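A single chain, nothing else alongside it, follows as structure tokens in the form predicted alone.
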């Protein structure tokens, strides 16, 4: 399967009478965006804000981050099964507003949302401080149930990202990249001497509002299966969860998965990138056994020599991670796992809730319990009042001057387990 991504680089974002992309600037009609969001009767109001790199701006609590894209050639559309009709994506051409994002916030339903600072200490820990962001602050109607609120906010983000992506449909990309995965049979013929490597992508699916969707299907309702890497790059997987901000895979993370990009960069050179095995994370032991059994079975069936495994979340999912690792290793297939750590504020506690001797090749995204101080910023988009209750915060996190003391856990993407961050350890 072959996909061409055309990048239109966005260097600035501004409000204007007409929405368009011109000379590297994304111009947005604010009232147009409001009207589109308010088509959903679950909202009583919406504010639309801008947050640019270097702005003295704090966004909290963050629900999701989505990159604007548009399918310009080939089957399907962006976010198939969620917004576009169910049709296999991952081939043809897709245009990307690279450097722009839609961020959703408001009085969110849970306590596991995060913070994005556009400048200062916090900005150094999140990749989203480097983007030109359109922020939707959506307020639900009275009495809306939590899961309905989460769904409405999620779809508002998708809708606006697709709307902005459409502005790039007829533009000539500044740069294009082509990604192609051969079939299993073709791969054997093309690269007989190269090690066969796949990526086991663990998807958060541990209960209500801990969901990830694949072609519109909640991952907890699916068995372990396989996708072409380009399907994921084309929007087949989206976030629908409220896990801790630091290691949550937002929708932006999924469509820009760095493990997939890095494997493609070595494909045909040092390895044969066979594809992506997607597997869910479960609550009950029997479900964990089933999913990890299938991961190992698929890895063996594909004749793999090596596997990279990434997880999402921490604690309970550590068991899924280790089960995948040791069962695949037992098939004679080498593994590398990507995780993060909850090793206590002094870094001396056990990093993972589970372990095994076969997990001897580990990449870490950092210690989420590290305490940081976020200075007061001039503008807050959203609500600082959640600082004491979001995961990583505590009583007294929010100070009178607007500064925040909290664990790194509060920063969206800070210890991301796809490696989409700046932290690690040796």
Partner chain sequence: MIKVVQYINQFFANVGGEEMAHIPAEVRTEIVGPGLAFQQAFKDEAKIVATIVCGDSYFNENLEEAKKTILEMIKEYNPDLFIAGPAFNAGRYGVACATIAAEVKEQLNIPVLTGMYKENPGADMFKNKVYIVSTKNSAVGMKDAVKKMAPLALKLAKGEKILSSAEEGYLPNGIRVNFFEKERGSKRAVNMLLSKLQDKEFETEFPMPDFDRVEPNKAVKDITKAKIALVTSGGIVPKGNPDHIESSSASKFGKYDIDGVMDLTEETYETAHGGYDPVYANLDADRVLPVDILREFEQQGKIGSLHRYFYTTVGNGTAVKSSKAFAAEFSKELKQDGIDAVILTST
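Positions refer to the first chain, counted from 1. Predicted model, so just to flag it, every value in this text is computed and none were measured.
Note that the form predicted in complex with its partner chain isn't included here; everything after this is about it.
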Quiz item: For the chain seen here without its partner, which of 133 to 141, 351 to 359, 80 to 88, 180 to 188 has a heavy atom within 4.5 Å of its partner chain in the predicted complex?
Solution: 351 to 359
Exercise. May I ask whether 40, 96 and 151 each come within 4.5 Å of its partner chain in the predicted complex, counting any non-hydrogen atom?
Key: no
Quiz prompt | Single option in 129, 335, 230, 224 placed near its partner chain in the predicted complex, where near means a heavy atom within 4.5 Å | solution = 335
Quiz item: Tell me, which of 262, 293, 174, 73 has a heavy atom within 4.5 angstroms of its partner chain in the predicted complex?
Solution: 262
Practice problem: Considering only heavy atoms, tell me if residue 305 and its partner chain come within 4.5 Å of each other in the predicted complex. | Solution: yes
Exercise. Check whether residue 7 has any heavy atom within 4.5 Å of a heavy atom of its partner chain in the predicted complex, and answer yes or no.
Key: no
Quiz item: Taking 4.5 angstroms as the cut-off for heavy atoms, does residue 68 touch its partner chain in the predicted complex?
Solution: no
Quiz item: Does residue 363 reach its partner chain in the predicted complex if we count a contact as any heavy atom within 4.5 Å?
Solution: yes
Exercise. Go through 117 to 155 residue by residue and record those having a heavy atom within 4.5 Å of its partner chain in the predicted complex; state none if no residue qualifies.
Key: 124, 125
